[in-house]
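Take a look at this one chain, the form predicted on its own, written out in structure tokens.
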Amino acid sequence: MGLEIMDDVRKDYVRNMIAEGSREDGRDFREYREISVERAIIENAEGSARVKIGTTDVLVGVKLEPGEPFPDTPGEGVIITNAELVPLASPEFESGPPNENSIQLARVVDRGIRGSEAINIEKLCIEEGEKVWIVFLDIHVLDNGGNLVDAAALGAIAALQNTRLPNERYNLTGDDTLLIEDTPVAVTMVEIDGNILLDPDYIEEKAATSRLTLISNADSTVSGIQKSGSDGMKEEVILEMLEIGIEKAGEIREKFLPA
């Protein structure tokens, strides 16, 4: 039996279970899988974190080096976010240059960091118009069990929280602390046959007709929203998802992103 046929069988099974009020792994509709966060696990990185949400496993590394600022922002540092989806992490991932899925993952994570102003990019300026810190945020998906966005976003801010500026390496002076001014958290939900499910696993993502990721900040403001899927969403469903997303982000932040 081919992979697509097996997925179709499981999708039907999942839909039937949801219609009866249950999920394949026994979770409540508004419940996350088990989350774990490990910090500072890459010795040669300026900051790093590994996040697991269920079987989803994501490693994020941060590197910094001095470089030239963009001409239109001479007094601001630069943030470059990349995501790598290696074939070993999922049968859907292929070797080669970044594809649409990896670009989209990096873009959503980057949007949360920028939109929340978690990093004050003006403080990354070393010499205006000449030299600034360039922050490279690299996301490596080790295993795709669904909901990559939430794992990658959590890994990104956790890695940034333990990042140090490599002043000594580049003969620079000053504080080596990368000041983090906010802690954006992404919460993803899907809609399946009128039901809202939090933290969809791989098959639930496949079975869903629409998906929404909400990125919210410590003060409950929203720094990013990403909608995908073949179907639209009713206004009342979106409003309910916003309420759920902000509440769950607060719980994750309190547990995994201490100030």
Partner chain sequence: MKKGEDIEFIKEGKRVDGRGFDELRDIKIEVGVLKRADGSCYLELGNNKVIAAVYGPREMHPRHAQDAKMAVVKFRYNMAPFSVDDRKRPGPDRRSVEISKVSREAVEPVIIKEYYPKTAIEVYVEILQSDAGTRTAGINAASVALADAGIPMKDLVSSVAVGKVGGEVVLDLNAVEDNYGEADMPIAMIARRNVITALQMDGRMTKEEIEKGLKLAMNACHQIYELQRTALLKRYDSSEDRAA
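The model shown is predicted, which means the values in this text are computed figures rather than measured ones. Residue numbers count along the first chain shown, from 1.
The form predicted in complex with its partner chain is left out here; the points below concern that form.
Residue contact check for Ser95: one or more of its heavy atoms lie within 4.5 Å of its partner chain in the model of the complex. Mapping the unseen interface onto this chain, Ser90 counts among the residues with a heavy atom inside 4.5 Å of its partner chain in the model of the complex. In the model of the complex, none of the heavy atoms of Glu20 sits within 4.5 Å of a heavy atom of its partner chain. Using a 4.5 Å cutoff between non-hydrogen atoms, Val9 does not count as a contact of its partner chain in the model of the complex. Remark: of stretches 171 to 179, 142 to 150, 155 to 163, 123 to 131, the one touching its partner chain in the model of the complex is 142 to 150 (heavy atom within 4.5 Å). For the partner-free chain shown, Tyr202, Leu212, Asn217, Asp219, Thr221, Val222, Ser223, Gly224, Ile225, Gln226, Lys227, Ser228, Gly229, Ser230, Asp231, Gly232, Met233, Lys234, Glu235 of 199 to 237 come within 4.5 angstroms of its partner chain in the model of the complex, judged by any non-hydrogen atom.
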